[in-house]
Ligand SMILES: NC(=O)c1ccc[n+]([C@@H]2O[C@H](COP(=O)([O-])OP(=O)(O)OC[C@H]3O[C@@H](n4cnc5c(N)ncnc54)[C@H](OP(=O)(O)O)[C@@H]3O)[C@@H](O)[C@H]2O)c1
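Taking the form predicted alone, here's one chain by itself in structure tokens.
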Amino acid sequence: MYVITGANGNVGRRLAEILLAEGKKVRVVSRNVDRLQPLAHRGAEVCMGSLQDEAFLAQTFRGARAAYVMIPPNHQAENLRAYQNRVGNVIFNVLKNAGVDYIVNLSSLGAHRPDKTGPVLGLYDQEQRLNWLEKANLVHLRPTFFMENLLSNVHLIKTRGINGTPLRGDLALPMVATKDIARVASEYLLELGFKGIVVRELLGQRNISMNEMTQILGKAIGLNNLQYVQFSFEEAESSMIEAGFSRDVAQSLLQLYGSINERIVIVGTERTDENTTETPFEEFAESFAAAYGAG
């Protein structure tokens, strides 16, 4: 039995699909079961509940041999790190008591640092916490920025005719497709051959700047002159709060952006065959164009 948390997310959903296609028994966990019906139709056992509910999660993990765990984002959290640690503690306690043998934990590039990484700090905490699981075999997946995060810019492009974030436009960044994260997670979970604690970074197919990404996206959606604008932190914070982010979450994200711009985190990680994944940004741009056309 496999338990997949965050099954409504891009990674968890795709991972569940792969495991089900291989004939595995899968339980998928979410607070929104309606969106999990396609997985239920494929044979998944759907469990509705909150990752902050330890009794619910203990029942869900009962009898599981392997699990994919993650801390879902919460843009409205008044104290993001406190929220992450509440969820992380519940997951840790349940995994310890259930005796799950194999665990793949979705972390992030930069989770080796105890400072200056904004929302990644809660994932640093979770890695340290899960490392205390004495009998489990554990993989920390540390992907970089998801390409799919850029889908949130569709509205910006449609309304203002620009693409933008607080990140420097000229800084070449690693970007990864979520389907590649799911593929790597599935390889670990299907083989169940890992032992002890494993850390696996995922840097995407190549490093690419926001300027170049904007050109590729613009070509894909028929806006060949689409320009990238680096927003000030003040403008970015105001926009995030207007969009429903709590002030703490907005400031946490801005801390991460600042550290990236200053090359403190993420930028400069050595690229190897093992941490390089398959999907080029040009392929993601096709999905972006489909979302742009439908939006």
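Here the structure is a predicted model, which means the values were calculated and not measured. A residue's number is simply how far along the shown sequence it sits, counting from 1.
Keep in mind the form predicted in complex with this ligand is missing from the figure; the text below concerns it.
Student: Please tell me which of Arg42, Arg62, Arg31, Arg247 lies within 4.5 Å of this ligand in the predicted bound form, judged by heavy atoms.
Tutor: Checking each option against this ligand in the predicted bound form, the one that comes within 4.5 Å is Arg31.
Student: Identify, from the list Thr144, Ser186, Gln126, Thr117, the residue with a heavy atom within 4.5 Å of this ligand in the predicted bound form.
Tutor: When this ligand is considered in the predicted bound form, the option within 4.5 Å is Thr144.
Student: At 4.5 Å between heavy atoms, only one of the stretches 100 to 108, 211 to 219, 192 to 200, 152 to 160 reaches this ligand in the predicted bound form; which one is it?
Tutor: This holds for exactly one stretch, 100 to 108.
Student: Considering only heavy atoms, tell me if Pro72 and this ligand come within 4.5 Å of each other in the predicted bound form.
Tutor: Pro72: contacts this ligand in the predicted bound form.
Student: Does Asn10 make contact with this ligand in the predicted bound form, using a 4.5 Å heavy atom cut-off?
Tutor: Because a heavy atom of Asn10 falls inside 4.5 Å of this ligand in the predicted bound form, the answer is yes.
Student: How about Gly49 - does it come within 4.5 Å of this ligand in the predicted bound form, if we only consider non-hydrogen atoms?
Tutor: Within the cut-off, so yes.
Student: Heavy atom to heavy atom, is Arg263 within 4.5 Å of this ligand in the predicted bound form?
Tutor: Arg263: no, not in contact with this ligand in the predicted bound form.
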